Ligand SMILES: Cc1cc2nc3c(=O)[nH]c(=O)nc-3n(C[C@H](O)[C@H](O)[C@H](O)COP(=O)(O)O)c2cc1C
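One chain follows as structure tokens, the form predicted alone.
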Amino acid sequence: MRREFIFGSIVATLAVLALSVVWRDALWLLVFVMPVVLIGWYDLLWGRNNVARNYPFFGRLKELAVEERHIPQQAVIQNSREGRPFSVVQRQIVADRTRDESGTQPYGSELELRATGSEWLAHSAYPVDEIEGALTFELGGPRCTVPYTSSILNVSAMSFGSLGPNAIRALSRGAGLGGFALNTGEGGVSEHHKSGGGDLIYQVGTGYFGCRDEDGNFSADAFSESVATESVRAIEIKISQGAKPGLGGILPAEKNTDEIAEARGISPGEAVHSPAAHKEFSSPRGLLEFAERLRDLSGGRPVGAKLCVGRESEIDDLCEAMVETGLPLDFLTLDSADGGTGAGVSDFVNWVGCTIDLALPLVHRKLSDHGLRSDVRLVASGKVISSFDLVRLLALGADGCNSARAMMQALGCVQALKCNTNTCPSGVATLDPSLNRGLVVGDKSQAVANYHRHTVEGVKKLVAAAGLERLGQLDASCLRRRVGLTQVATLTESLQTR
């Protein structure tokens, strides 16, 4: 689109000037042509909006449509509560925070507060001015010798390949600015991940990208080399992903560039499959022994596992194995069935896996019943946008949360739903260099840091409004859910699982 604009703007200007030679009044046409040309060239060279840089001038029409959306939406299209997977209200929260704006809302809530299933914080008549302590938690159980003090909000797993290089660099720099961590995703640690100075959680997936030999098996030497950088603060073994649990993935040959191949430890230009299950283990005990091996190879860093809950009996089996072996994981990351993905099979995206509001209290209770909860930290992931989303998951038992799509929105994602096409208009989820350039690393890294800061600050305010002095006092009894037209229960009561 940029080439078309450059060519069209030059031709239009020259055509008007040529016409003015025979018809002097034609110069008045420049009143209409030149604003388009000048605005477009400004967007092309110095614009701060991703879409406008990739689609000069015309990207501004999209921005205008968003800013003035209320008239056509409320008249004939949709209200602010609608929109999937994130509503206009949710996306506006991220947009306000990235711009360092107040995030105030006029005239009252647009949500259906009386609808069954609506939730809210039970505030206190005696709120505190400010809660005590930093909003962090420590990753590292009894087997860990190099624990990591983590923010309560970090960037969820997104690989270099699913996101473009500018997006990864902006996330890394934003994490560095804000003092939080970026999960590498299963694509390995690339130079883009290390470029911004942010802390990294290195994810080891079934393809063992970044830590594999030529046959696709786990390589201790390659793993040790990948975690040799100080920026890698913890290791996460990916068992399953919420949006597609039970499935492996494929890296198409056309996306396997030299850069991608270097980060993943594979040959470029070939399609590479990730199996559904790990080769290194096939049982809870095997998982724990593999985690212990990674802990040793990484110099004692925290090692955990990521999964979407399926069979409850397997959670029991894992807990029993941790007790019997004395090799507890340092943390468990629980992904929700409504979590995000760049590309997933519809059957799995829509109908496989447990949502986080059921999985989190279940695993929290299982760990507690086995005497493991003080050693194993819980990290929750799945549609975390607002400070209330964060408070809700912390109240359900999480020590911290991860967010992917909110961070993408902070980068400039417009929910175009083109993540699987390599044509993302904002340059976030694409490897196309002509679209990557629309994402300016310096601007978007600050936007990511701003979003994180305001969201965590919002948690402080909400917890203080509940009359609590410390984050650790927050639990599910502090939240309410409407379970009927005139019936209300605490979140603890409404989310009972067998």
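All values derive from a computational prediction rather than experimental measurement. Residues carry their position along the shown sequence, with the first being 1.
The discussion below concerns the form predicted together with the named molecule, not included here.
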property	result
Position in contact with the named molecule when the complex is considered in the predicted bound form, options Thr98, Asn166, Ser150, Gln241, heavy atoms within 4.5 Å	Gln241
Option touching the named molecule, based on a heavy atom within 4.5 Å in the predicted bound form, out of Ser231, Thr136, Gln90, Thr341	Thr341
Options 170 to 178, 108 to 116, 136 to 144, 374 to 382; stretch whose heavy atom lies within 4.5 Å of the named molecule in the predicted bound form	374 to 382
Partner proximity in the predicted bound form: Thr206 to the named molecule, non-hydrogen atom cutoff 4.5 Å	no
4.5 Å heavy atom contact, Asp389 and the named molecule in the predicted bound form	no
Heavy atom of Asp199 within 4.5 Å of the named molecule in the predicted bound form	no
Ser159: touches the named molecule in the predicted bound form, heavy atom cutoff 4.5 angstroms	yes
Every residue of Gly185, Lys306 and Met408 near the named molecule in the predicted bound form, heavy atom within 4.5 Å	yes
Members of 398 to 426 lying within 4.5 angstroms of the named molecule, judged by heavy atom, in the predicted bound form	Asn402, Ser403, Ala404, Arg405, Met408
